[in-house]
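Below you will find one chain, with nothing else, as structure tokens; this is the form predicted alone, and questions on how it binds or moves follow later.
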């Protein structure tokens, strides 16, 4: 097959990270192609669904620092397009007062001077009715946090990319990547050439990287995205100022449980467990494990008494996990003009604008705006499973 077209850059994967990367490249006047294996929009990856939490509350300072600029970039996209992408609700962080995880959240918020409210056991129910705070748990609110309108954000950034002259080709599965000074990308429809390629393929990252002689220690899990019915309408409604929430750990489980107020589906509250069961992304729906739903049912029955303790709607998402749950943002160790954004570990959506900027900088050979040492591939090299 002969090469169809030459580009400055090809971005593979039109989820939130790939779409923002393509948008940033187009803003830098680069002729950019964004490839997507499925027909857009789709629900097969990690970027679909109506809502995500946006927050500065993190255990690590570097994420909180990145989110400072990220909020500004989300607001800039809202101004550019006139589309509302964010609603401030606050994020209630709960967890055992003496646990390391909870203390790290609280300390990072306070150290970075993020506007917060610390709730005591005495005033908790006054501020947060219809939630039971477990004995020994502390509670702090990240006031700046809220809800991102995910589907809307994805459509908006893709539209802006196209307005800047960018090309999106969906239903084009990448079948081969040949590294070189001009990288050749073969798809189900033809062959393209580019000076640089950015791989943001989510659960399919390692399948594409195999063509370049690289495998990363990535694990794909299926997440059950659960919606729970209010017994009395509007009890947990966003209009009643019910916040997003995050439980660092609890009686039911060691992983986070997080929730968003009823909004996208009237009368239904989105509550999920921040972990799932290993799956093949092409056989996702054959994975029928419900152990995460069992955990959530026990939690909802114990701590959210005004919800039915059985999910009314269950949807599906996938996380691509790294061993340390930090992202991969780096150039290929053997081919510097192939850039990798992967392993967003179920907490990457809110970072879309800043990750797009960083992957664009790497693609253009510029010095990244942030210290990327937590996200470099070399951190896996001591791990024999990484197959580097």
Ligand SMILES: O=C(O)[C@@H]1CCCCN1
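Keep in mind that what you see is a predicted model, and the values were worked out from it rather than measured. Residue numbers count along the first chain shown, from 1.
The form predicted together with the ligand is left out here; the points below concern that form.
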| item | value |
| --- | --- |
| Candidate from 299, 124, 86, 258 lying within 4.5 Å of the ligand in the predicted bound form - any heavy atom | 258 |
| Answer option from 295, 246, 238, 167, heavy atom within 4.5 Å of the ligand in the predicted bound form | 246 |
| The ligand contact in the predicted bound form: residue 357, any heavy atom under 4.5 Å | no |
| In the predicted bound form, residue 53 touching the ligand (heavy atom, 4.5 Å) | yes |
| Non-hydrogen atom contact residue 333 with the ligand in the predicted bound form at 4.5 angstroms | no |
| 4.5 Å heavy atom contact, residue 323 and the ligand in the predicted bound form | no |
| Residues within 4.5 Å of the ligand in the predicted bound form, restricted to 332-353 and counted by heavy atom | 346, 347, 350 |
